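Heads up, the chain below is alone and in the form predicted on its own; it's given as structure tokens.
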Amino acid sequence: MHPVISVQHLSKEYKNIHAVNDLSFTVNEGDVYGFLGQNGAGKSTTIRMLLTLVRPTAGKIELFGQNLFTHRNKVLRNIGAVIENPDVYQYLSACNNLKLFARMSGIHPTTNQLMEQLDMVGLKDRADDKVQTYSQGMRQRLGIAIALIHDPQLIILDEPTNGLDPQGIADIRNLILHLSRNKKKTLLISSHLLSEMEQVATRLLIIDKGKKLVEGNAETLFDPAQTVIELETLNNEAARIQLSNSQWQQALQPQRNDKILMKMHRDQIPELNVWLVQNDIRVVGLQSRHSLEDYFLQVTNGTQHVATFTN
């Protein structure tokens, strides 16, 4: 796999604030790369640096194997981006918006090409309607059509589902999958909707306070052999002693708060449940933590326990 984005030791400081702090990551060709973090984690600042909208304090950015700042114009021609809400002309139709932005990019598409682009984002039937009549989701899809008019290799979407209703979110999800699977595009997507990222991302990066916490393949991070069990009993201290002297001792993880954490293959959970009953351990709660949302919350709320999920 060829790296499309290579970020090395990237930092951005605003007075005494480290918005991005020594961040390194790689996006490979064909990735749908989920860029995750809480509000203020540094995602938008990083994306703005990738688009040369913000100058880094330190670090190196390479796109398509070339230094971003010495080959800026050449590199940016291969990128399409939608940052927050796309700016479009409300009094123009979708078709005329698309035509206008294409000409700004030095492109003169035919009417058929414009309609094909709008069809790809599900707006062909509303091509001649003014954008002021569009829903937020339709405007978001038009913004993506504009970002794709020059057929870029890399697409960067910053919170593409922000403010959308369930149908709008589903439309964006299907569009992302279409761009990845059928158009063979590489995508970097920042999002707060973890359930959506779980459905589309092939690789993930989680940052917190500008620093990288976890990066890896989605299938590895959610390996069923790495399922974390959160166990609560009427007497956790006694239960932990019994578990540590049993065949489950290797599954035990460092204690967090008053819960017992165990890591095992998902298929072993019924066997654990039977063992707990047979040993008269009174279970109050037994939950598996294996979704992206659970994983994200565990990592960002207790960074000292990253090893529990990644070792």
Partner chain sequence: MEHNMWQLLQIELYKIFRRPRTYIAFGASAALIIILQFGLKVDGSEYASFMLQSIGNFDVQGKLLNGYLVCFIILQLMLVHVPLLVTLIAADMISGEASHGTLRMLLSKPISRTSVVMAKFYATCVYTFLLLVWVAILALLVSLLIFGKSDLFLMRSEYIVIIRKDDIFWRYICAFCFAYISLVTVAALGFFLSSLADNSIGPIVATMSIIILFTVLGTLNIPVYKAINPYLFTTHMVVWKDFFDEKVNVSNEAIAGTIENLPSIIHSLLVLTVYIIVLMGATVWVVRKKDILS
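What we label the rigid core is the largest C-alpha set whose atoms superpose within 1.5 Å from one form to the other. Numbering follows the first chain given and starts at 1. Note that the structure is predicted; figures quoted are calculated from it, not measured.
Quick note: we don't show the form predicted in complex with its partner chain, though the next part is all about it.
**Q** What is the one choice in A225, A238, M104, L234 with a heavy atom within 4.5 Å of its partner chain in the predicted bound form?
**A** In short, M104.
**Q** May I ask you to choose, among A251, V54, I269, V283, the residue with a heavy atom within 4.5 Å of its partner chain in the predicted bound form?
**A** The residue from A251, V54, I269, V283 that makes the contact is V54.
**Q** Although the partner isn't part of this model, could you tell me whether Y89 comes within 4.5 Å of its partner chain in the predicted bound form, counting any heavy atom of the residue?
**A** Judged by the heavy-atom cut-off of 4.5 Å, Y89 is in contact with its partner chain in the predicted bound form.
**Q** Although the partner isn't part of this model, could you tell me whether Q113 comes within 4.5 Å of its partner chain in the predicted bound form, counting any heavy atom of the residue?
**A** Taking the distances in the predicted bound form, the answer for Q113 is no, it never comes within 4.5 Å of its partner chain.
**Q** Can you tell me if N96 lies within 4.5 angstroms of its partner chain in the predicted bound form, counting non-hydrogen atoms only?
**A** Result yes; N96 sits at the interface with its partner chain in the predicted bound form.
**Q** Considering only heavy atoms, tell me if H108 and its partner chain come within 4.5 Å of each other in the predicted bound form.
**A** So H108 counts as contacting its partner chain.
**Q** Of 259 to 267, 54 to 62, 33 to 41, 273 to 281, which is the one stretch near its partner chain in the predicted bound form, taking non-hydrogen atoms within 4.5 angstroms as near?
**A** Every other range fails; the passing one is 54 to 62.
**Q** If we check its partner chain in the predicted bound form, which of the residues in 9 to 23 reach within 4.5 angstroms of it by a non-hydrogen atom?
**A** Contacts from 9 to 23: K12, Y14.
**Q** Could you check, with the core superposed, whether the Cα atom of R103 shifts 2 Å or more between this form and the one not shown?
**A** Passes the 2 Å threshold, so yes.
**Q** Using the core for the fit, does the CA position of S93 change by 2 Å or more between this form and the one not shown?
**A** Passes the 2 Å threshold, so yes.
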